[in-house]
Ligand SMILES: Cc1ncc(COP(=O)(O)O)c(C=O)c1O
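Only one chain is included here, represented as structure tokens and corresponding to the form predicted on its own.
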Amino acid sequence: MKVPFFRLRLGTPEKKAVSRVIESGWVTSGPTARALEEKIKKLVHARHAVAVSSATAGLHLSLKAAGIGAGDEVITSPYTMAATVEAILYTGATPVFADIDPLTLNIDPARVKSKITRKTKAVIPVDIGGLPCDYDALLKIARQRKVLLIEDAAHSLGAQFKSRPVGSLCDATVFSFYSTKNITTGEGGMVVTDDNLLASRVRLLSLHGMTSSGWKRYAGGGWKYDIVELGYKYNLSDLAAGLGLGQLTRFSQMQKKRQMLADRYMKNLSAVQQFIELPCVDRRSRHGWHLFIIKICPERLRITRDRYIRELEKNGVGCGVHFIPIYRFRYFQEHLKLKISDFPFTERAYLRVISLPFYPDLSIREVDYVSERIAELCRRFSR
């Protein structure tokens, strides 16, 4: 059997929504992007939502709108996609890294607290795989030290922390709608916040700092506009937003499927728990289940993570690694002077993690096949 790491299947709702945009004659940012904003805003219980071209753009805009720049520090995790760190660097601020909790793979609040200085202006926690960070602890630290909490929720649309949706917890939250995410617009993202000023500045900066968008002028708002700030080209098109609206009609169904697949993996792999560590589940949270990440136990297996992946691939199972830590990339090593030895928990996790095939189009039969191959490898390479 061949089980790819990811497979996207779009249905009738997505095709109809995109067709409506095409038939409207307006495909760039306009009423459909605003409709997507309204849907996301209600879904996550936020006052404001601004559609953007990517989560990277959303993080950059959130920091910029908050006035963060050269001379400031922003704390984040070394165990994340490069985009999180790049967004900080775009502003001229300095990224500071706090090591992770090896169980959850999320940033450790105690280490965040130890990294805060007078220069710290914000903390960007990252919800790895869809598991919300410890927002009780992080919010307490942020409020005590008067720093912003900007959540990188690229993985956690649909997740909750203590019955509150991700998107309603922090000063700002940024979602990703990349192709592999829990909903997709192809490329895209969303900034949500309860802060009126932050939302208005994000929107202004997302389209060149213009006082009037193309849609407003087209819809009768007059041809004149002003440029009041140096902005960016970070808006989301209606064509992309149409795809997102179609996806949202199936979002609840897709999340239920993700939960069912996670439950099946958990049940199947419980038999080999002495050889692999299953994903952490926090009783305070509802997992977003963007990824299903296992960790091999090297003290009980005579095989490295890289070879384990190769063996799975020989059997037709596609895998991923989330993530290669920031300090392992040449650019960040050279420019930020990062060392592996500074992050022992991240490094140990990195050498053990494997992301398994996990998406709504995955079948139970495929989950069972993947689980069987994992069990075989555990038996074959057990110490």
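From 1 onward, residues are counted along the sequence shown. The structure displayed is predicted, hence computed values, not measured ones.
From this point on, the text means the form predicted in complex with the named molecule, which you will not see here.
Just one of 130, 167, 188, 78 comes within 4.5 Å of the named molecule in the predicted bound form, counting any heavy atom, and that one is 188. Contact annotation: of the candidates 205, 126, 159, 98, the single residue with a non-hydrogen atom within 4.5 angstroms of the named molecule in the predicted bound form is 126. A residue is said to contact a partner when one of its heavy atoms sits within 4.5 Å of a partner heavy atom; residue 251 fails this definition for the named molecule in the predicted bound form, lying far away. Proximity of residue 84 to the named molecule in the predicted bound form falls within the 4.5 Å heavy atom cutoff. Proximity of residue 173 to the named molecule in the predicted bound form: non-hydrogen atoms within 4.5 Å are absent; the residue sits far from the partner. Remark: residue 178 counts among the residues lining the named molecule in the predicted bound form, judged by a heavy atom distance of 4.5 Å or less. Stretch 51 to 59 is the contacting one of 31 to 39, 348 to 356, 326 to 334, 51 to 59, since its residues have non-hydrogen atoms within 4.5 Å of the named molecule in the predicted bound form. Looking at 137 to 173, the residues that come within 4.5 Å of the named molecule in the predicted bound form, counting any heavy atom, are 152, 154, 155.
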